[in-house]
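Starting off, we have a lone chain in the form predicted alone, written out as structure tokens.
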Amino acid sequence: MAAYGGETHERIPAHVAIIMDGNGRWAKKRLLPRSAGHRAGVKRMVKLAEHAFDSGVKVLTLYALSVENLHRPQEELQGLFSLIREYFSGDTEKIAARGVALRVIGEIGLLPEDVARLIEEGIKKGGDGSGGTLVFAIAYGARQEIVRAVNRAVAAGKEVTEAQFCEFLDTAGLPDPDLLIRTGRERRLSNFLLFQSAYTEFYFSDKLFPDFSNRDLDAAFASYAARERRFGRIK
């Protein structure tokens, strides 16, 4: 349970997904290079992840780098790759100490070889899952994921049910998101978890991601707790 403004809500979403949008605009507003915004975003991400797991979230999925982002200018990409290197070579130990397992979805083979290797090594250093699971979507695209899943099903040589198809997705074994949060004033999914979000609750914030505080996350949880999820049925 977690407290919101003095009230207690038991309905904490088990799986929260976040589109961490607005780092570049945050830097631009401060006349800083975009890299400064991405670095501020990483700091905010670490604090939000800790708060989410402390609040009772079991799975936290963060949209860190889309496959479309790989077409950005090389200077910005190199800065992003450097941040990924720093996180997976250092901060994974903090995650492991909390018992949080680490997982990555996406096509890490599209990343520089040393970055992909650090990610794989970082995953191995993660916790046992007793404290939750932290999922990074890196070089990820939902349409591309669905195509990969179809090809895996075809390679298996069998017609599949919806449940069986889920086993071919990058997120196999994970529950669908209960709550998806997007910061930065945008109101779209941007090729993120399209199949998994069929009945996900959405929460949009006008705040740029580096400004999205723990209190803002609590407000998203409170909004989720106040909703009635019927999944197409009538209660």
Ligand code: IPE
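Bear in mind the structure is a predicted one, so any value in this text is a computation, not a measurement. A residue's number is simply how far along the shown sequence it sits, counting from 1.
Beyond the structure shown, there is the form predicted in complex with the ligand, which is absent from this document and is the topic of what follows.
Q: Only one of Arg34, Lys58, Lys207, His51 gets a heavy atom within 4.5 Å of the ligand in the predicted complex. Which one?
A: In short, Arg34.
Q: If you check Leu193, Ala64, Met45, Leu179 against the ligand in the predicted complex, which one has a heavy atom within 4.5 Å?
A: For this set of options, the contacting one is Ala64.
Q: Specify the contacting stretch among 113-121, 148-156, 98-106, 76-84, defined as having any heavy atom within 4.5 Å of the ligand in the predicted complex.
A: So the stretch in question is 76-84.
Q: Does any part of Arg188 reach within 4.5 Å of the ligand in the predicted complex? Heavy atoms only, please.
A: Because a heavy atom of Arg188 falls inside 4.5 Å of the ligand in the predicted complex, the answer is yes.
Q: Is Arg25 close enough to the ligand in the predicted complex to count, meaning some heavy atom within 4.5 Å?
A: Arg25: contacts the ligand in the predicted complex.
Q: Is there any non-hydrogen atom of Ser197 lying within 4.5 Å of the ligand in the predicted complex?
A: The answer is no: Ser197 has no heavy atom within 4.5 Å of the ligand.
Q: Even though the partner isn't displayed, in the predicted complex is Met20 close enough to the ligand, meaning a heavy atom within 4.5 Å?
A: Answer yes; at least one heavy atom of Met20 falls within 4.5 Å of the ligand in the predicted complex.
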